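Listed next as structure tokens is one chain, alone, in the form predicted alone.
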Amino acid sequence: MILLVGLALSADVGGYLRVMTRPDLEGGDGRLGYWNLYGRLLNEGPYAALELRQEILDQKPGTLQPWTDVHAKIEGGTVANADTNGGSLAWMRLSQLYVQAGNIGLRDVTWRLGTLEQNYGDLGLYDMKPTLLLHDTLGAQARYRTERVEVTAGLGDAGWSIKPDQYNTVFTGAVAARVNVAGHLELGVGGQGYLEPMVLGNRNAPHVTPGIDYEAWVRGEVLSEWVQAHPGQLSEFPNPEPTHANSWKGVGYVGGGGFGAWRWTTVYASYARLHPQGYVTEAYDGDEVELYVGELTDERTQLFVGSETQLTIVPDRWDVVIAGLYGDNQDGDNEIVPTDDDRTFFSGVVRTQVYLSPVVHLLLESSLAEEVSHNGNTYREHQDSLFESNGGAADADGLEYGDSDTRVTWQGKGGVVLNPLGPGIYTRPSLRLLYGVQYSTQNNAFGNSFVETLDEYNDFDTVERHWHNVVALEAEAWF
């Protein structure tokens, strides 16, 4: 026990925290909108991360002596008195645990065993990492790094991340490379592939249930349609047939800058084919049957392009960051129901920070986003959308959820920031007093507990509200 305590006390400790209070007099949950498409500011909840690094053999720069260390990261999105989970440690997770070693066999190569990750950086205003690779993998990784070149290769199993409730081995491997040109230009490219092999007799392995119609599946009517076509023969429903499943992701990165007011620009791109789903359970007349829907979910793709530019307008007085992103999600199997796997979205965010003094800053931000469903109405523009959609004729068996296929959202934010470490939009820690306002074409486009039913026995009135306002007192820090 004494040895364990000694190791813990000598470890390097770093982390991140974000905590806030946002009293919401309009019935919301303290967030201005639904998600970070409108910029991370006022759209994120509390968060905490603690990363530990313990050296086993010290790394001595300039030498070829072997070194090794151990890393562990604990993180989660709950803080006492800030969200419904009340800061419970049950909502924290050990998200990273790995051992690293260097100067073993190959110079400038770092070996890693455990959880893996490779990415080319963040879209800071959105708090997104578009070029993540291997983050879902437990395995081994080698990274060759010099001043100008970095190459990473990794292999492992992603089954527990992709299919946590239906685990089956998903072999995965990735290769990524980045090169720095004269300090003013960086280029990066990478890719990851997944293979889930056929395993006879394993219910969690890839299978196909023959003859399933997509519309019947999403309506939950596969079994009822079978019984209708084959009365009294539910026991003869087709058995699943074994197969294999695969998916992949490719990423690219360009970064440049360092000239005058132009500090840096990053451009990220990724294109992925999502891994097929396993099985779902459908019930009919007291009987349950597992339906394997891999063949109905194997044509989902995601295209993502994002960019961010940092500008220094007046040194130590005025900085500006401009960011934008575009996403296009396609589902080749789905032509009838609106989902997040079948939509296009655009967004732009501008943040400016004026330094009234080295510590006291003025922050202003504005964002505009549009989301378009490929398969009809999914957004409710009115509290009585039932009477606005389909000319007021209700479709009891319909697959549309609202009265518009488009959601447009604008947000404005501003306030005072205290940065003890001085100027910089991304300088931390930051203490912020902010006001945020949102307008959305969707009714009540923020987390809330409003009753939306139009049932005549509803005890609460439905409300139409397109504006949302919050005031926030928050702190954010790296340490």
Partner chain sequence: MVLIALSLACLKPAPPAQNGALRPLAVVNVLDAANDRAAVDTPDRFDAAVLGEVSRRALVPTLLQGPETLAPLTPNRETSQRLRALAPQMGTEGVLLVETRPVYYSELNGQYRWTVGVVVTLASGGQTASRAFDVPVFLRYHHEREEAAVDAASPVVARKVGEVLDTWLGGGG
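Everything numeric in this text was worked out from a predicted model, so none of it was measured. Numbering follows the first chain given and starts at 1.
Heads up, the form predicted in complex with its partner chain isn't pictured, but that's what we're talking about next.
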Its partner chain in the model of the complex: within 4.5 Å of a heavy atom of each of Gly77, Lys163 and Thr344? no
Could you tell me if Ala49 has a non-hydrogen atom within 4.5 Å of its partner chain in the model of the complex? yes
Should Gln192 be classed as touching its partner chain in the model of the complex when contacts are defined as heavy atoms within 4.5 Å? no
Proximity of Tyr284 to its partner chain in the model of the complex, heavy atoms at 4.5 Å: no
Give a yes/no on whether Val13 approaches its partner chain to within 4.5 Å in the model of the complex, heavy atoms considered. yes
Answer with one of Leu64, Leu421, Ile56, Val451: the residue that has a non-hydrogen atom within 4.5 Å of its partner chain in the model of the complex. Leu421
Of these, Glu365, Asp298, Glu308, Glu196, which has a heavy atom no more than 4.5 Å from its partner chain in the model of the complex? Glu308
Option from 219-227, 77-85, 345-353, 117-125 whose residues, in the model of the complex, bring a heavy atom within 4.5 Å of its partner chain: 117-125
Sequence order please: the residues of 124-162 with a heavy atom within 4.5 Å of its partner chain in the model of the complex. Gly124, Lys129, Arg145, Thr146, Glu147, Glu150
